[in-house]
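This document starts with one chain, in the form predicted alone, laid out as structure tokens.
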């Protein structure tokens, strides 16, 4: 059987094909990388109007039972016990060495019921990890097969939600998970995102996903464009958001990845002892680079300080919103040079060290994203 035949399909696979999407393998799924408008146009649309992503490949897990909180407290460095009902937070699964098994979002849906959103490529690994540490009295369920997940991102996201029948979405706070009705269909809206823009993740049943996708595109008209994984990668690099397998992995610790802010506990979770030792002994740091040309620095490209190799690129793209090629790279902790060199394929170019994120983000400007409403009309 071919690799393509082995790939899983989201409930929106047929809709993507009808829209002429170019499909690629990603995390074991057959996913749209771009549509006819192209990656750069899609990335610009999210920053100016709105974009709609199919993110149904991401894992949707549920931990339920009287020991659910206890289990998640032992597995994550953020404080599960502080989550109010319908609230969520960003956190990590760590191994005993302090390395990142995965990054995820955890929501407290009900007492003793937690909803998790994990990376597509790590869903099976995460399920095995949770199951191996799950105390008696709680159950892990993978809800990915019977649900779908859409991401509506951009300045007009609130306006589009209102047009879809959920004007109350403007009151949803960041990292909240709230029941809504869109086109009279039940769904869950979560005000998070992977672009740095205001927006919502919308979880619905697998059977209603295609109708919801089509209805959102129809009601918003030219103000909403379908977006693929290519634009998603551009936008998350602009926002300096990590991607597993690039900025984070099992051998990378949160301190060096700039994720020390997630570590709200010092003990009581897997990896705590290792992190205490690693905090003062970081060998490298994650930095932003802006290339001197439009040539994209790819993952694995060598970074040099003068003629001395000092690190490597972990993500790179051309950003239409910055109008430059940008990259995220790990460099030695002692490197302070403002201009570095990136070497790839025998070719070198200068790169200016750049503060992160690369763009001015609404989620960084506002502490209360519920105020990020748009007065524009569709």
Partner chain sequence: MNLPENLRYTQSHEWTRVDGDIATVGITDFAQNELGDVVFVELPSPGRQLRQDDIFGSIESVKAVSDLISPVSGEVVEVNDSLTADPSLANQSPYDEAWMIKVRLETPSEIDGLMSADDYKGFVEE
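These numbers come from a predicted model, not from an experiment. Numbering follows the first chain given and starts at 1.
One more form of this protein should be noted, the form predicted together with the partner chain, which is absent from this view; the next part is about it.
Visitor: The partner chain in the predicted complex: within 4.5 Å of a heavy atom of each of 34, 298 and 317?
Guide: Yes, each of 34, 298 and 317 comes within 4.5 Å of the partner chain in the predicted complex.
Visitor: By the heavy atom within 4.5 Å rule, which residue out of 331, 45, 327, 39 makes contact with the partner chain in the predicted complex?
Guide: None of the other options qualify; the answer is 39.
Visitor: Taking the partner chain in the predicted complex as the reference, which of 210, 73, 233, 176 has a non-hydrogen atom within 4.5 Å?
Guide: Of the candidates 210, 73, 233, 176, 233 is the one lying within 4.5 Å of the partner chain in the predicted complex.
Visitor: May I ask you to state whether residue 22 is within 4.5 Å of the partner chain in the predicted complex, using heavy atom distances?
Guide: Yes - in the predicted complex, heavy atoms of residue 22 and the partner chain come within 4.5 Å of each other.
Visitor: Is residue 308 near the partner chain? Define near as a heavy atom within 4.5 Å, in the predicted complex.
Guide: Because no heavy atom of residue 308 falls inside 4.5 Å of the partner chain in the predicted complex, the answer is no.
Visitor: Even though the partner isn't displayed, in the predicted complex is residue 293 close enough to the partner chain, meaning a heavy atom within 4.5 Å?
Guide: Residue 293 belongs to the contact set for the partner chain.
Visitor: Where, among 331-339, 51-59, 317-325, 64-72, do residues come within 4.5 Å of the partner chain in the predicted complex by heavy atom distance?
Guide: Of the stretches listed, the one contacting the partner is 317-325.
Visitor: In sequence order, which positions of 335-361 have a non-hydrogen atom within 4.5 Å of the partner chain in the predicted complex?
Guide: Contacting residue: only 347.
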